[in-house]
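Presented below, as structure tokens, is a lone chain in the form predicted alone.
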């Protein structure tokens, strides 16, 4: 492939992944050339709380990947993320009434000017569709004629301080952040097909510090949400319940954990080192937390009506999706069909990236390859505008 090398960095709560590869947008394939992973320190529920510790983790992952400077795309999540749907209308005053790329960018810029709290900044403006002189259902207005153009968009924003802290921790390592991407959008890019987005689907990414939601209907992004509970909370619950260290609880969770306690013999025991633990008790702890997370997801979907608009069901990814019984429990709580997905259309010798916990990392490569063109490549893809969030935030730093 003739494409240039692109880089992504997924700064998660439990791990940091640096990834390098090439993307063929015409064929929709990503070739992963190298990947580096390091334990994550200095983050809590997706938010940087210790800049030096976070930077050290990023540097370790970059070193393992072979990143030596340049521009990177970084994923962002955390409880500070919020989103909403909006409409923006402008009159097209050009002589021939043709809608141009420049006019579409004006619409997106108008959406960025909507009222936000002082400490918030827009990360994405994602058009859901356009109305041209009253005609509905337009996905790409460029080249069409219209006097009055309405853009229906999904807007994602985040706390300026949290964005700033993430940028600084990454750029402390000698690279330049060129794009910030909401993590569930990156995971969706890696795991979903155009047909999934068109039919209506929910992407549920269960990470270490957060559980992220992105819903699609008729090819457009309709809802995003970040729930500040992830796999780290599952581990902490086991550690507290069994009175053991965190790393031992993580080992028990991975080796013996299940979220379906009814399938576990009440008197069964599992061994770790020289101690025995009741397997049913461990599964009850995990099931209680898993139900809590899934009930938050259900409430979020009900607020937008997406449970009735997603015949494609739920696509479950992220490290938490690998926990035994999670698919079955999700079907029970959400009342929807659920399947687990790993990154699709991946080539290369780096095999671990084909696991669900690397969905965000692989998706970041697709975003990195877009060269600031706000429109995703490929049939049926919805528009995602990166705008100028990175430069705007850096300008704010300088102004201070």
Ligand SMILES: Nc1ncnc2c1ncn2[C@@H]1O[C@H](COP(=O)(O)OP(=O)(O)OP(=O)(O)O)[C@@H](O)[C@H]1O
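Positions refer to the first chain, counted from 1. Not measured: the values here are computed from a predicted model.
The following text describes the form predicted together with the ligand, which does not appear among the structures shown.
Checking 208, 312, 141, 127 for any heavy atom within 4.5 Å of the ligand in the model of the complex turns up a single hit: 208.
Exactly one of the stretches 265 to 273, 157 to 165, 172 to 180, 250 to 258 approaches the ligand in the model of the complex with heavy atoms within 4.5 Å, and it is 250 to 258. With a 4.5 Å cutoff on heavy atoms, residue 244 does not count as touching the ligand in the model of the complex; it lies far away. The ligand is not drawn, but in the model of the complex it has a heavy atom within 4.5 Å of residue 232. Taking non-hydrogen atoms only, residue 15 approaches the ligand to within 4.5 angstroms in the model of the complex. Interface membership of residue 323, defined by any non-hydrogen atom within 4.5 Å of the ligand in the model of the complex, is confirmed.
Residues of 67 to 89 include none with a non-hydrogen atom no more than 4.5 angstroms from the ligand in the model of the complex.
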